[in-house]
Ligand SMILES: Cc1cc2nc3c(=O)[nH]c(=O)nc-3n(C[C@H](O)[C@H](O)[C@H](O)COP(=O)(O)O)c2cc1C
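Next up: a single chain in structure tokens, the form predicted alone.
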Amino acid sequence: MDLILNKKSLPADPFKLFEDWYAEYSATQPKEPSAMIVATASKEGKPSVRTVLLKSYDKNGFVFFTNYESHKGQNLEENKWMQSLFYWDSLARQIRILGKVEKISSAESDDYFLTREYLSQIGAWASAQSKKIQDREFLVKQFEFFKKKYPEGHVPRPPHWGGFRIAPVSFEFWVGRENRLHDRFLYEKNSEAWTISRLAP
């Protein structure tokens, strides 16, 4: 899709532009529009990248859920900075978001956990995410154990599972163009306002 960006036409608020693009992509690719690549790093600076699902966003940031004891959870305990990437090939667009991460409240995590399907709730208990296990049979046995322990409708949220929120300090919006002369615009937070700059492709 040949979208041409210019500074005058951009909204002052990057959340508005994100919302517009997200809605447009959701209409064309409804299966997994929330797929979000996230990059974290350890305190030594070792990077790690994986895909998670965006579950909600508002003016305060972007929320996803995970095991707090997982590799990414440990990274975020050591280094609060994270970058996320949405890449939407069919629209030739991508969005990069840089910010600091914090855990959401226990109440917010509880509320979301209650909306998950029963077997997904059990999976959160059964999997010690990122830990080494001897075989798949061990994982299946853990799953069956917690199914017996917690019947449907009575599954508490694991204390090691919950949400993170990335509070953006910058957004970069990219549109693919011919001859690799892509459009790139950077929003940077300045106090409570956002400054907009065009970047060379």
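In this text, residue numbers run from 1 along the sequence as written. Predicted model only: the values in this text are computed from it and were never measured.
The discussion below concerns the form predicted together with this ligand, not included here.
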{"property": "Contact of residue 71 with this ligand in the predicted bound form (heavy atom, 4.5 Å)", "result": "yes"}
{"property": "Any non-hydrogen atom of residue 65 within 4.5 angstroms of this ligand in the predicted bound form", "result": "yes"}
{"property": "Interface membership of residue 51, this ligand in the predicted bound form, 4.5 Å heavy atom rule", "result": "yes"}
{"property": "is_contact(residue 129, this ligand) in the predicted bound form, heavy atom dist at most 4.5 Å", "result": "yes"}
{"property": "Region of this chain that lies against this ligand in the predicted bound form, out of 172-180, 52-60, 137-145, 152-160 [heavy atom, 4.5 Å]", "result": "52-60"}
